[in-house]
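Below sits a lone chain in structure tokens, taken as the form predicted on its own.
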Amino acid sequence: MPELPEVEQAARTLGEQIVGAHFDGTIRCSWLKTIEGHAPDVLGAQLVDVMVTGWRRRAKWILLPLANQLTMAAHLRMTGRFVVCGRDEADIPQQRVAFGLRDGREVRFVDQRKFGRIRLLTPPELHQLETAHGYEPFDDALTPTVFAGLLQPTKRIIKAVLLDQTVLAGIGNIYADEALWRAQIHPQLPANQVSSAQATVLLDAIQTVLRQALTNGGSTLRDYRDSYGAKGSQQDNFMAYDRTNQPCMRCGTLIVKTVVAQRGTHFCPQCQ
């Protein structure tokens, strides 16, 4: 599933192409479950001549503020991606929804596994989405002291806490493994046993790996593409994730893969 760097890159590259454009209200939908909350024609009626005023990301959601005070929210889930192209161009394989723009283009949502979702949010619904998620990893309010305070009350293992979107927003399996490797913390260590010093190192590791991934356009292992169709390259810099039976870059011990928090998890058994 795309995580913070991939969703940020997808949102940015989509916004670069459509901020300032107007939807014309036409929607072509081949998989009705992609659109939540409204039938396609009802949603389309709310988009007639409505301008996209900006873009941003919250957790793993792409948010497009609209001039009518609504917000289009999209979750890519496993394989979703946006493509902007001319209305006369042929449909794309696995295309689920196409939103018409007044300038003759379409915003198309392609999703092989059909798990992605798009919805229109009112201001109260947007507030609910915002408050349902925890700190963003780069939030100025997320100091090492605050981060340590998030870990101390729970006996849950640290990887499960990092994956919990109500604690930290946007981190998934890849970057949890990468950050824990950098911080030399075992993924099964109970969170309340992470010392204040370790919490400081871990927060820095989280921010470092996310910053690097943002610079590299995210990670493409199989399906992920940004809204221009470009792949990410952060997978070329993995230290733990997807490196089963390869030497640890720090100590040479073979990286192992096991199941932690119901997720495939990569770590070094020697130096974590």
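One-based numbering along the sequence shown. Predicted, not measured: the structure shown is a model, and the values here were computed from it.
Omitted here: the form predicted together with the DNA. The next part is about that form.
> Just to confirm, with a 4.5 Å cut-off on non-hydrogen atoms, which of Arg263, His22, Arg250, Arg12 contacts the DNA in the predicted bound form?
Comparing distances to the DNA in the predicted bound form, the residue within 4.5 Å is Arg263.
> Which residue, Arg156, Arg87, Arg108, His186, is the contact with the DNA in the predicted bound form, using a 4.5 Å heavy atom cutoff?
Only one option qualifies, and that one is Arg156.
> For the chain shown here without its partner, which stretch in 22-30, 213-221, 200-208, 45-53 has non-hydrogen atoms within 4.5 angstroms of the DNA in the predicted bound form?
Checking each option against the 4.5 Å cut-off leaves 213-221.
> Give a yes/no on whether Lys60 approaches the DNA to within 4.5 Å in the predicted bound form, heavy atoms considered.
Lys60: contacts the DNA in the predicted bound form.
> Does any part of Thr143 reach within 4.5 Å of the DNA in the predicted bound form? Heavy atoms only, please.
It does not: once the DNA is placed as it appears in the predicted bound form, Thr143 has no heavy atom within 4.5 Å of it.
> So, in the predicted bound form, is Arg113 in contact with the DNA at a 4.5 angstroms heavy atom limit?
Close contact exists here: in the predicted bound form, Arg113 approaches the DNA to within 4.5 Å, heavy atoms only.
> Do Gln165 and the DNA share at least one heavy atom pair within 4.5 Å in the predicted bound form?
Answer yes; at least one heavy atom of Gln165 falls within 4.5 Å of the DNA in the predicted bound form.
> So which bits of 173-189 sit within 4.5 Å of the DNA in the predicted bound form, heavy atoms only?
Going through 173-189 in order - heavy atoms within 4.5 Å of the DNA in the predicted bound form - the hits are Asn173, Ile174.
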